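Encoded as structure tokens, the following chain is the form predicted on its own, with no partner shown.
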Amino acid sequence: MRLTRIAAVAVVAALALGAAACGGDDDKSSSNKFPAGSTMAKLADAGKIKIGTKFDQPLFGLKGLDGKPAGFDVEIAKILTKELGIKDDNIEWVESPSKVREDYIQQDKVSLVVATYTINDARKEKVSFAGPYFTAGQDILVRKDDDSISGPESFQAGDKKVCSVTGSTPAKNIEQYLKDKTAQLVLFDVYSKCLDALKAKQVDAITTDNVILSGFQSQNPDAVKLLGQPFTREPYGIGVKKDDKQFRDWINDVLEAAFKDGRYKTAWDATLGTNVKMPTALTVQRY
């Protein structure tokens, strides 16, 4: 009888050890599904990640009362982190204004940047991009009672000031429409300062992507208005370390899968929803 009990205890102990071992395998399952040495495997093993995004852009990346950003860019990033097996609490959000995005990637201050980040050839020389996951268009925001600006051509007379952000694509694009760049173009590090300057009548307009400006308009409907005449195409990509093709291809795979299975739409509805029309297709760049 005693031997039977001892045998039973031994069986239970063996089962417990087996269960513990299986539990350990489950804990590592996220990293095991990625190629050894890949960025994905390293991040999954670490169980944490630093992601660059904006903190001042309604609908895409706006810092909330809890100190964390919220918006479409944030939700896109979370789709990726869930695939890596990283919990939301283990994401460190790093504010990444336009002028520092490439620097932060190159200096390993972040593993990726999702921050209304337009893909262009100049930036591709410094970092690589997955996506685009959305294509915006540059537009103009003015005060609600100002009908003197109808498009970028309105700045050619030289008597209007326009605000944008240092190091941004919109700042570069608007220069061709200015009579005197030094006198007319006002640059800040973040767009929220442009909004303050517009309200205070220190500038006559803000120019950046239409979806960003739409967010400002939705928060200030009695103070500002969007012209609604985009004059460029701005494909938003996810910035990663230069030539990390394996990581970039993996992100593109996840983006395509998320668009097909509804995760993209869920992120869209929770953030951009009624403000912007969702794209009907997603075509990523593979290079």
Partner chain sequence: MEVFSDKLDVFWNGFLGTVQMCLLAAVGALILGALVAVLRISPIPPLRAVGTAYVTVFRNVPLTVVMFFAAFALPLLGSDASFLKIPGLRDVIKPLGTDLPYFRFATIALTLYTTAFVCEALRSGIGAVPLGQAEAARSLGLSFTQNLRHVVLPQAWKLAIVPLGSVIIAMVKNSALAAAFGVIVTLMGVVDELVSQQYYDAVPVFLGVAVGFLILTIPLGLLLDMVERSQKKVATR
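Numbering follows the first chain given and starts at 1. Just so we're on the same page, rigid core means the largest C-alpha set that superposes within 1.5 Å between forms. Just so it is clear, the structure is predicted and the values come from calculations on it, not from any experiment.
We do not show the form predicted together with the partner chain, though everything after this point is about it.
Put simply, residue 184 is close to the partner chain in the model of the complex: some heavy atom of it is within 4.5 Å. The partner chain is not drawn, but in the model of the complex it has a heavy atom within 4.5 Å of residue 167.
The closest non-hydrogen atom of residue 157 lies beyond 4.5 Å of the partner chain in the model of the complex. Taking the partner from elsewhere, residue 197 is found to have a heavy atom lying within 4.5 Å of the partner chain in the model of the complex. Across the options 76-84, 205-213, 135-143, 120-128, residues that bring heavy atoms within 4.5 Å of the partner chain in the model of the complex belong to 120-128. With the partner omitted from this view, the residue of 88, 147, 153, 175 that lies near the partner chain in the model of the complex is 175 [heavy atom within 4.5 Å]. Remark: none of the three candidate residues (42, 250 and 286) comes within 4.5 Å of the partner chain in the model of the complex, counting heavy atoms only. Residues 99, 102 are the members of 91-119 with a non-hydrogen atom no more than 4.5 angstroms from the partner chain in the model of the complex.
Taking the rigid core as fixed, one finds a CA shift for residue 137 smaller than 2 Å between the shown form and the other one. Once both forms are fitted on their rigid core, the CA atom of residue 194 lies 2 Å or more apart between the shown form and the other one.
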